[in-house]
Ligand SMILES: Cc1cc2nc3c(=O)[nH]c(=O)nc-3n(C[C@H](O)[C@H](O)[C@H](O)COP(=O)(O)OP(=O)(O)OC[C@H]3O[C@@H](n4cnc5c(N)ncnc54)[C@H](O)[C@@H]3O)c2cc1C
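Here's a solo chain for you in structure tokens, the form predicted alone.
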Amino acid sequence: MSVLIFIDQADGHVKKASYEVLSYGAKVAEQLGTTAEGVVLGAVPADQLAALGKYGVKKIHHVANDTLNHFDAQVFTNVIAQVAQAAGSKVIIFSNNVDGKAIAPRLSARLKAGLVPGAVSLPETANGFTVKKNVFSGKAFENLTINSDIKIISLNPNSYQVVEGSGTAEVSPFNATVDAPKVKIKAVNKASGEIPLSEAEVVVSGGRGLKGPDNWGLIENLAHVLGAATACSRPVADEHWRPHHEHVGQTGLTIAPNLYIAVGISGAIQHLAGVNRSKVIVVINKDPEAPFFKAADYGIVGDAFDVIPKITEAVKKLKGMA
């Protein structure tokens, strides 16, 4: 009765969110008195997979079929179901990211398994199997008990600390039946940027307070010295000041960085829904009544055109870049 963890990868590299899920899954396995195993789909170097043992996983089932190098939710669901059944897995864990959100509900239906999406802590196993999750865009919590034989959890990113120890995982090739995707990929256009927004530990985001796309250099310069990704509010994306893949919020990308810096963003509830799981929120706005200040850990009331250059220079001096 192993715990099976889906290890997400892109272009042959394990995604950052997977390290958190591995640590979480290893702890769940410890709670249940069993072992943690992983499943990886697509081409990933074996030595990279073996090194994941330091996060607590004992064995990794590797389905190295070239068809799986491109994500397809239906195909992935079918393959993971085969691995779970062969391994006898009773608990299956995903990251609650784009891929996890696409696979976990399908797998739940396929295996007749109970699903808790958006978990934020380890399950309570003393009396049943109860999982805590976010509801109402992070405004409240709900405790759900899974009574099915097979249980599926998707963990909200940045909800569990990565625990790195020692050890090497056994990498075992898995010969799965891989269906041909029903969707044919003709081209892949990747978003450019120094750091992918979904993987970023630090994010600098701008809103309409920057007055126009010509002023976006303020955001980019600060992001560069901080080693951060850039983001924006919905009005900025709608006005085509910035590409839509940088839009964070309820109708855009949901992120959970360690530090989120909001510049010239009022803080509408729809925007907060996409960033409220950030560990630290810093708000810079010249309007002292901006709603975002209520959600901020730190706030600066001031004109972004005066404040941001000073912060950028201070960071440069701190890092010896000046």
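Please read all numbers here as calculations on a predicted model, not as lab measurements. Throughout, rigid core stands for the largest set of C-alpha atoms superposing within 1.5 Å between the two forms. Numbers for residues come from their place in the sequence shown, where the first is 1.
Another form, the form predicted in complex with this ligand, is not on view; read the next lines as being about it.
Annotated contacts: Ser121, Lys133 and Asn156 are all free of this ligand in the predicted complex [non-hydrogen atom within 4.5 angstroms]. Only one listed stretch (251-259, 55-63, 41-49, 23-31) carries heavy atoms within 4.5 Å of this ligand in the predicted complex, and that stretch is 251-259. In terms of contact with this ligand in the predicted complex, the residue from Lys182, Lys112, Lys190, Lys211 that brings a heavy atom within 4.5 Å is Lys211. Though this ligand is absent from this view, in the predicted complex it lies within 4.5 Å of a heavy atom of just one residue from Pro105, Gly227, Pro235, Pro196, which is Pro235. Though the partner is left out of this view, Ala290 does reach within 4.5 Å of this ligand in the predicted complex, counting heavy atoms only. The closest heavy atom approach of Val282 to this ligand in the predicted complex falls outside 4.5 Å. At a distance threshold of 4.5 angstroms between non-hydrogen atoms, Asp303 is in contact with this ligand in the predicted complex. Contact check for Ala268: a non-hydrogen atom falls within 4.5 Å of this ligand in the predicted complex. Annotation for Ala290: C-alpha shift of 2 angstroms or more between this form and the one not shown, rigid core superposed. Relative to the superposed core, Glu142 shifts its CA atom by less than 2 Å between this form and the one not shown.
With a cut-off of 2 Å and the rigid core superposed, Phe76 has a Cα displacement that falls short of the cut-off between this form and the one not shown.
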